[in-house]
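First, one chain by itself: the form predicted alone, in structure tokens.
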Amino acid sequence: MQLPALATPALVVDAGAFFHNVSTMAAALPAHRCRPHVKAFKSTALAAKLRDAGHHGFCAATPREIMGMAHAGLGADLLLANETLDARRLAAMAALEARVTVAVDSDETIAAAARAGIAAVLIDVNVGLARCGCDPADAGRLADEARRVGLEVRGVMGYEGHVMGNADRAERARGVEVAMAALTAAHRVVGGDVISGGGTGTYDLNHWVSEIQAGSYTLMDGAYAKAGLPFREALAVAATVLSRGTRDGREYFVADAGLKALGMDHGLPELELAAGTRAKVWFCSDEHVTFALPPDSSSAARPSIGDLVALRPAHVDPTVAYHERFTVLRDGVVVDEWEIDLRGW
């Protein structure tokens, strides 16, 4: 990634890699087969590029994301793929001039949705992640209860996130099959047209669902890059080299992006230098990343104070949430800016 002069830390997107990712997914899962998940990128400007590629349904993790998408004219079919009991936010979503569906997994979430005027729900089924979702055996009863209180039950959803990061494709496929056996069994008793699930890591392995909830494919990150997917890392955090020193006889460098600019739950970022060299990241602190050159690197890779370096985050979603905008680059030239307008709750 060629970096122009930027105020750092800056979240940058390589336009060529991004549009490659968009077209690759649109070819594999056209139109409604992919329901892009806006939690990964949190930007209505970016979402509009996906709509232009043929995806008109979106899912989200927060009511703020749902409301922002609707206000941006992207409300043809919005799914809150998450439970909420917040009466104010549920009522605000119900009042939107948009088609909004909400995930429910209990009598309490069903009652809250009905009281707020939500029209439609999906029964969220726990398929092994140990996050939200009802026991598969309880899905039919919950669907009956939702219909009893006047909600349209569009179908089921279940997220096999516990297998998503497995680098072994065969193991990933076996995990998906087990998880989807539970979801399809629940769907048989729930009914409806929608079976929603999957993600970037299983987009080409999950053949049981009617739609895939993928978002990270648009920008990619270090964790998914290990899975052998056909998507390119389009996202980086640009940072400026501020300082250098030595410790135990080894030279190190410090740049101005740290824990407050990078999602670290999936591990350290990778750091790219000139001449195709990847540095060894030692650690990140609040505002800084400390790194060193590989022992066999060329002198051309050695950065000077004031140089820009590119940090590839291990997890795109929380990284994006730290920033206010994407700076979009093509061959080192700024061609656009996309506001990250769906941050927060």
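This structure is a prediction, so every number in the text was calculated from the model and none was measured. In case it trips you up, residue 1 is the first one in the sequence shown, and so on.
From this point on, the text means the form predicted together with another copy of the chain, which you will not see here.
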{"item": "Heavy atom contact within 4.5 Å of another copy of the chain in the predicted bound form, the stretch among 114 to 122, 242 to 250, 90 to 98, 181 to 189", "value": "242 to 250"}
{"item": "Listed residue that, although another copy of the chain is not shown, lies within 4.5 Å of it in the predicted bound form (heavy atoms), from M164, A225, V254, L205", "value": "V254"}
{"item": "Among the candidates D168, D144, D265, E152, the residue which, in the predicted bound form, approaches another copy of the chain to within 4.5 Å (heavy atoms)", "value": "D265"}
{"item": "Complete contact of A76, D296 and T327 with another copy of the chain in the predicted bound form (any heavy atom, 4.5 Å)", "value": "no"}
{"item": "Contact test in the predicted bound form: A301 vs another copy of the chain, heavy atoms, 4.5 Å", "value": "no"}
{"item": "Close approach of G215 to another copy of the chain in the predicted bound form, 4.5 Å, heavy atom", "value": "no"}
{"item": "Contact test in the predicted bound form: G133 vs another copy of the chain, heavy atoms, 4.5 Å", "value": "yes"}
{"item": "Interface membership of A27, another copy of the chain in the predicted bound form, 4.5 Å heavy atom rule", "value": "no"}
{"item": "In the predicted bound form, residues of 280 to 301 near another copy of the chain [heavy atom within 4.5 Å]", "value": "W282, F283, S285, D286, E287, H288, T290"}
